[in-house]
Structure formats: C-alpha cells, structure tokens
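Here's a solo chain for you in structure tokens, the form predicted alone.
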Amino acid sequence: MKKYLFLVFLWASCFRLFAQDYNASLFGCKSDGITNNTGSIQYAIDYIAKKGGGTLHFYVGRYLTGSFSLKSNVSIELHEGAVLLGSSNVFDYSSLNGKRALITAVGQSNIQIKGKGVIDGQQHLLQTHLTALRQKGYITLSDQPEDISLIYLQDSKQIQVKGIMQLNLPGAAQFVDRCEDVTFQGLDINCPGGIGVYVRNSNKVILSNIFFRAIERALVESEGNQGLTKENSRLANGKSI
C-alpha cells in the first residue's frame, strides 16, 4: 500500500513538473515564417498565467508575430533553431504608453526570455513597408512608428533575458523603464543603427557577457538609474562598455 501511494505521489509530482512546460505548437503556433502567430502566442501566455505559470517553448522554425505581452511567472524559451520573427507590418505592433515593441511586460514579475534561439526584428522589411505607407499617404513624416523595440519592460521586476541572439531592429533591443532586478546575460546583439539597451529610472540592472556585434549605441543610460552593473560586455572592436 505504501509503495502504491509512493508511486501515485511520484506520478503526481512528475505531472506537475511536466505541466509547467508548454509547447507553442499545441496552441496553434505555426513555424512556417508566414502565419501570423500573435493571437496564438498571446492566448498561450494568458492560459499559462491562469494555470499559475510555466514556460512556453518554441522549437525549430520561424514564428512570425506582432506585439504580445508577457505575464507574471510566464517565461518563453527559444530553443536552438527557433526564430521569433517580428512582423514587417507596423500595424501589428500595439502602442503602449507611446512605445511599440515586439515583446512587452508592464507591471509584471518573475519572467525569463531565454534560450539559444533568435529574435529577428526584420528591420529592412519593416522599413520597406513604412516607406510604402508614407508614399501612399497613410502615415506622415511626422509619425515615427518605426521606433520599435524588441523587448519593452516597464514597472516590472525579477526579469531575466538570457542567451538570445537579437537581430535587425529599428529601435532599442531592450527598453527598460522603472524596473527593478533586471538581468541581461549572454546576449549577442546585432542591430546596425539601433540601441542595444536603454535604461531609465530603474534599479539593479545587470548587463553581463553581452556582445554588441553591430550597433549605433550599445547602452543609453537615462535619468534616475541606481545600481546599473556592467560585466564583461563589449563592442565588436573589443572595447568594453
């Protein structure tokens, strides 16, 4: 009887552990690089949050998406060979407090964006679309929707971004505003003309082992920051930031 109860307890423990990991494909996410997965990804994140948290896993493939919002205790992992593609349509990026971004977290905590995969903002295609919109008069020169970040964090804490390669964006790879306990670690940022990390009014932000391969400005420190730490992070010319 005791052996039976032990096996039941072991099975239940394993089930709980397994249930914390979710495959993006089970929520209808397509890795064909064509299907817009914005709705599917957001549904998956909301579902996981309601279940108490866990990790949404993206495996090999190209996942096209517009803006989506992370929730507390929900992380995403891009495995090797997985690419999160930012949409080339500017209208797929929702405006949040005047900022547009691919991945957002506002007022959230305990989140990781991790893995050996890639986040690609598709800057060239996005700029081509914006030019066409301006030529047709749908947006004016005074509009600046192209200032799109890959990751936008506001009023959030206990956030980690680890191991991801970040490519081709028109704005900042990371925009951190009024956050606490944020770590960027082991990133490879290759965004010509963009900003690597923008930090303002934040506390305990760590930049560790980041390689800014091609970038206009690696780090922008605005007002009100406390405890910004830079460890072994360098530019392509070998200089430390």
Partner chain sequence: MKILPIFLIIIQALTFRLAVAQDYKAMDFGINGDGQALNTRSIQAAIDYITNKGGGTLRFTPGNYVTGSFYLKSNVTLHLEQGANLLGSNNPFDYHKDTVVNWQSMIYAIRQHNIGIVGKGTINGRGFQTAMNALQNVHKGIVQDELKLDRLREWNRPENIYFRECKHVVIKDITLRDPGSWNQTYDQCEDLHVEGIYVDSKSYWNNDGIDVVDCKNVVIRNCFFDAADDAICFKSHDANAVCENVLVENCTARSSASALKFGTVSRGGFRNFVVKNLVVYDTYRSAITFAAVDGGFVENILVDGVRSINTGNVIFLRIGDRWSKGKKPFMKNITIRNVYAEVPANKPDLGYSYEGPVEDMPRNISPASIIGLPDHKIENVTLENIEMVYPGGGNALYAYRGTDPKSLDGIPEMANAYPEFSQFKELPAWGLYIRHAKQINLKNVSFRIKNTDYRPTIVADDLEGGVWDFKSYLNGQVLKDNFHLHQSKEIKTN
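Residue numbers count along the first chain shown, from 1. Since the structure is predicted, the reported quantities are computational estimates derived from the model, not experimental observations.
The same protein also exists as the form predicted in complex with its partner chain; that form is not shown, yet it is the one meant from here on.
L133 belongs to the set of residues with a heavy atom inside 4.5 Å of its partner chain in the predicted bound form.
In the predicted bound form, its partner chain lies farther than 4.5 Å from every heavy atom of Y198.
In the predicted bound form, its partner chain stays beyond 4.5 Å of every heavy atom belonging to P192. A residue is said to contact a partner when one of its heavy atoms sits within 4.5 Å of a partner heavy atom; D92 meets this definition for its partner chain in the predicted bound form. Checking K99, K114, K71, H129 for any heavy atom within 4.5 Å of its partner chain in the predicted bound form turns up a single hit: H129. Contact with its partner chain in the predicted bound form holds for none of Q20, G52 and T55, as no heavy atom of theirs lies within 4.5 Å. Within 4.5 angstroms of its partner chain in the predicted bound form, the stretch 48-84 places a non-hydrogen atom from each of G66, S67, taken in sequence order.
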